[in-house]
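Form predicted alone, single chain, as structure tokens, below.
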């Protein structure tokens, strides 16, 4: 057998074996990845709706899921809105907690982002950004304070502080939140947030 033919056979065999190995690993880890992702979502719901002991998926579509956080009596005490959208660098995925009337926020958690380290990535930082999302009026559109206020007391009830030097990332999060809130309000009004959906916990 010629050297060139032998090399093609060897390389083809290696390629097939490598592809089979990767496919097998992908298949074996798929379920574990899905379970880890679900666990991350459950932990985020508990974080953004204080007092939650169990969770229930109420609605799901691409880039938007709505969960109900339940207390010990099984009563829904708040909504957790899981939403994604485009940031400055890549997609941002977040979880926003609200009360059941969608008039007040509880907390915001950023689950996934690839924004610029030291700048846009501060959207994950409590002191720089997340603290300003607690107990905000979200009965209408939330707005962004530019330039940034020096303290939370300077903000209006429906206002969020921008991150200095990372306005685009701040605006991206705000846009995802406002659009998902508007969509969730419409779902609530149309009666599409079914309390008979399957339990996550």
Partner chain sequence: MTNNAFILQSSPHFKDKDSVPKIMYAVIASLVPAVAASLYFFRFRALVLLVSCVATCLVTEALFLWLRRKPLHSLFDGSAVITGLLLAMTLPPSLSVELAIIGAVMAIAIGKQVFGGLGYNIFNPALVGRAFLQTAFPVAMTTWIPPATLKIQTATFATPLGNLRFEDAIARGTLTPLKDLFTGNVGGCLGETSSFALILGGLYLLSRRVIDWRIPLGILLSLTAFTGAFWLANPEKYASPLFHILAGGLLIGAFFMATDMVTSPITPLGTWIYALGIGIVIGLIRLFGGFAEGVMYSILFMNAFVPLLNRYTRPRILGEGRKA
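The model shown is predicted, which means the values in this text are computed figures rather than measured ones. Numbering follows the first chain given and starts at 1.
Not on display, but discussed next: the form predicted together with the partner chain.
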Which single stretch, out of 72 to 80, 127 to 135, 113 to 121, 96 to 104, brings residue heavy atoms within 4.5 Å of the partner chain in the predicted bound form?
113 to 121
Consider the chain as shown here, without its partner, and state which of 168, 174, 53, 152 has a heavy atom within 4.5 Å of the partner chain in the predicted bound form.
168
Residue contact check: residue 140 to the partner chain in the predicted bound form, 4.5 Å heavy atom
no
Verify the contact flag for residue 147: yes if a non-hydrogen atom of it lies within 4.5 Å of a non-hydrogen atom of the partner chain in the predicted bound form, no if not.
yes
Looking at the partner chain in the predicted bound form, which residues in 84 to 117 have at least one heavy atom within 4.5 Å of it?
88
